[in-house]
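Only one chain comes next, encoded as structure tokens, the form predicted alone.
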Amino acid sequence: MTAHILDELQWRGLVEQVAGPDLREHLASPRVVYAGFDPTADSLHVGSFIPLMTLRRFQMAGHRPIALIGGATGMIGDPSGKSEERVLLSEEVLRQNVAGIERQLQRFLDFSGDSGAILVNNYDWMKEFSFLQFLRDIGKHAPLGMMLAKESVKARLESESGLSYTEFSYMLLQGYDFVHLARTHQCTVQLGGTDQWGNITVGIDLARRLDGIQLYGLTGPLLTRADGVKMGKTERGAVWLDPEKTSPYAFYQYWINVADEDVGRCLRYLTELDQEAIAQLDASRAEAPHLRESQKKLAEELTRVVHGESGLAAARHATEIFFGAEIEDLDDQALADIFADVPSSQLPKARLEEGLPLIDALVEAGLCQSKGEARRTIQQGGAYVNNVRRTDLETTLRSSDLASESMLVLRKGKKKYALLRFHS
């Protein structure tokens, strides 16, 4: 880390907007800083990476982070950056989501000791308010003109979907979160993406009006590709931090496949590699882009922090299997993740019990168009079962040949894969 946290954030490109006078001087001493995460699902996704890693950087620089889970604000949904209103979640679903996110935050922040990170849920203080009490004690200090002037509000008011009073009130709830954390934890800095600027400045203004104190805000970029599209989406959906939703292998592969024009920013935004290490990767990418050293390092660093050393090892092992390593000790789900994009066929398990000729299996899997082609493939050494070459034309596959509970992996040549799934 560099001497001052702002220097660290600036060379990484993580400073977009600053609210409050002389934030640099304010951060010269240890401070309490917070970022919020609304529990819209039971897992965070890669879009949360920048605020998570920024909180982590603040802690490493000697500041104390607060991770706020929006158990209350999650009931409403933040309109910032959204073209239409969110579907409201039930209290039971929200509780499950909060519990899932709490577990994930443990990987990013150190919560141990008297100066460790703090985990809070804004439902714990918002549930004490009645509607009338909140309007009298808090709402009267929020000028309507200031709230209407926020870009997130103006954009929605001008859209076809409009803006409900429920969503309009979101910024005031988040603003009060900042006031509450300042009162209870001496928190003076709020972090967020550029889409949070309006919400952050509402909290700063509210603290000045209610308590006469100066608070600070710092926004960073959103995680987007060079063309402006948000990162973290694949054809199969969002890339989650929960291994049950996105396996360590799929997570690792997402970062391995990041484009050259995006990987440099990702290395700066999301990893803890220093300037020298990133400069070396930039040079390697310019001189030998085919080696993809930047992508490999990015995937390694991020998989380790999210899934630990065991998750990284599993992802590497799965990658080796896809490129030809012998398959062993995997279950159906792991195989399905590794070979998610290859053709698959279903057969009754009785076919294995009676003995399935390899020639027939290659045709059933679609790797060969005829039995004659299958024979030639085997004779020429191009047929593989679970990545092991089979050259005997009389090879018969049985249940003992399964790579997992119910799957066989067939390969023709170096790269043409297919799955056979066997059902009872």
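Only the largest set of C-alpha atoms that superpose within 1.5 Å between the two forms is called the rigid core. Start at 1 and count along the sequence shown; that's the residue number. Note that this is a predicted model, so its numbers are computed, not measured.
Only in words, not in the display: the form predicted in complex with the RNA, which the text now covers.
The partner is absent here; in the predicted bound form, the one residue of Thr201, Thr188, Ser247, Gln295 having a heavy atom within 4.5 Å of the RNA is Gln295.
Contact with the RNA in the predicted bound form, judged as any non-hydrogen atom within 4.5 angstroms, is confined among 61-69, 381-389, 22-30, 42-50 to 381-389. By the criterion of a heavy atom within 4.5 Å, Leu222 is excluded from the residues contacting the RNA in the predicted bound form. Among residues of the shown chain, Phe111 is not one whose heavy atoms approach the RNA to within 4.5 Å in the predicted bound form. In the predicted bound form, none of the heavy atoms of Thr271 sits within 4.5 Å of a heavy atom of the RNA. The closest heavy atom approach of Thr319 to the RNA in the predicted bound form falls within 4.5 Å. Along 384-415, a non-hydrogen atom within 4.5 Å of the RNA in the predicted bound form is carried by Tyr384, Arg389, Lys412, Gly413, Lys414, Lys415, in order along the sequence. With the core superposed, Arg376 shows a C-alpha displacement of at least 2 Å between this form and the one not shown. With the core held fixed between this form and the one not shown, Arg31 has its Cα displaced by under 2 Å.
Annotation for Gly20: C-alpha shift under 2 angstroms between this form and the one not shown, rigid core superposed.
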